[in-house]
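There is one chain below, alone, in structure tokens, taken in the form predicted on its own.
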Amino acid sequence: MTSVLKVINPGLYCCVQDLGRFGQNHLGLTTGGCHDPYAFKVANALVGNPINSPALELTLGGFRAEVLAPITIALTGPNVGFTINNKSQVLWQSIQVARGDVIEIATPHIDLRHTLAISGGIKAQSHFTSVSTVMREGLGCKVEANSLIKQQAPRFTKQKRLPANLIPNYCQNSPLNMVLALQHHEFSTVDINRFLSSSYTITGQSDRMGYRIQGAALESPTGARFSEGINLGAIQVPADGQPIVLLNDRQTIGGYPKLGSVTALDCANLLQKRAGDEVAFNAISIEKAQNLNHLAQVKLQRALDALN
């Protein structure tokens, strides 16, 4: 294994991710995994890796690293200042870097997170079938200053660039699509309409585990209930009536009433937002959610085919 990067500054939060730790909920371990599967898979495809190869997830940029050996890199996500040796670079393409080069990723002005893939993937310890970092569970790898990033296997690839029409538009500020949950009948029609017609502000108590949002209070249904499994995007309403959207690093079970679930596609959009941003919600049918997911899979396959 060769050390290929020395991290000079990891930024606010930098960690190793893959697509997630699936099939371990019965042990109390959450799924975790990359914040944006499309950006993650395309980043790996750009550098010639299998799409589940470990890569770095950067939150709020501020990343700086020295290249220790020749590799190919690719940065995906919303537009951000990205330089190599102070020369501006374009996202969503593969770039050859040489020993001694310095990679810098600035702090983004609007969105939060990016994926940085390196050719051959990142060597990281796998726990329960995944290298995904979940700090609450003590699993994975948070990258610190002076961390050495090791290449999983030598790999070289030709220059690739994702066609512009396949790059996501991160400037959209559409309502987040959600599907009403089985428990939505426990909420009043007035409260459901209030939730769907209001804007909510993301609070500072938001991270990869879940986003707390503040706005029109809802009346949380009372009465005894069993804790049950929590899915990605679940919208819980605790006693104070301020909803919480559970995300990648969520707990595995919970007992708060659930109004619905943000679709997996829009969970990736939500994870790009920061405290103070406003969000709204749009209820769609499960059939429409499935249709949108199928269309997203088609777009992903087109992207992967374009890079083969």
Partner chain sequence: MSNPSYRIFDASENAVIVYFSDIVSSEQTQKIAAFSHALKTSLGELIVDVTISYTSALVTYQSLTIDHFSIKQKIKSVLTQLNDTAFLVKQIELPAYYHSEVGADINAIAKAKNLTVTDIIKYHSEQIYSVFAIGFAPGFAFLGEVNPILATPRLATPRKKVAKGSIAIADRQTAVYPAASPGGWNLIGNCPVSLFDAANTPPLPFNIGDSVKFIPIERNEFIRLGGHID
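Numbering follows the first chain given and starts at 1. On a predicted model such as this, the values are computed, not experimentally measured, just so you know.
The protein also exists as the form predicted together with its partner chain; that form is not presented, and the subsequent description refers to it.
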Stretch in contact in the model of the complex with its partner chain, which is absent here, among 251-259, 65-73, 268-276, 45-53 (heavy atoms within 4.5 Å): 251-259
Heavy atom of P175 within 4.5 Å of its partner chain in the model of the complex: no
Exercise: G229 in contact with its partner chain in the model of the complex, heavy atom 4.5 Å: yes
Contact label in the model of the complex: S206 to its partner chain, heavy atom within 4.5 Å: no
Its partner chain contact at I286 in the model of the complex, heavy atom, 4.5 Å: yes
Contact assignment for its partner chain in the model of the complex, among Q89, S198, Q151, Q183, heavy atom within 4.5 Å: Q183
Residues within stretch 277-298 having a non-hydrogen atom within 4.5 Å of its partner chain in the model of the complex: I286, E287, A289, Q290, N293, H294, Q297
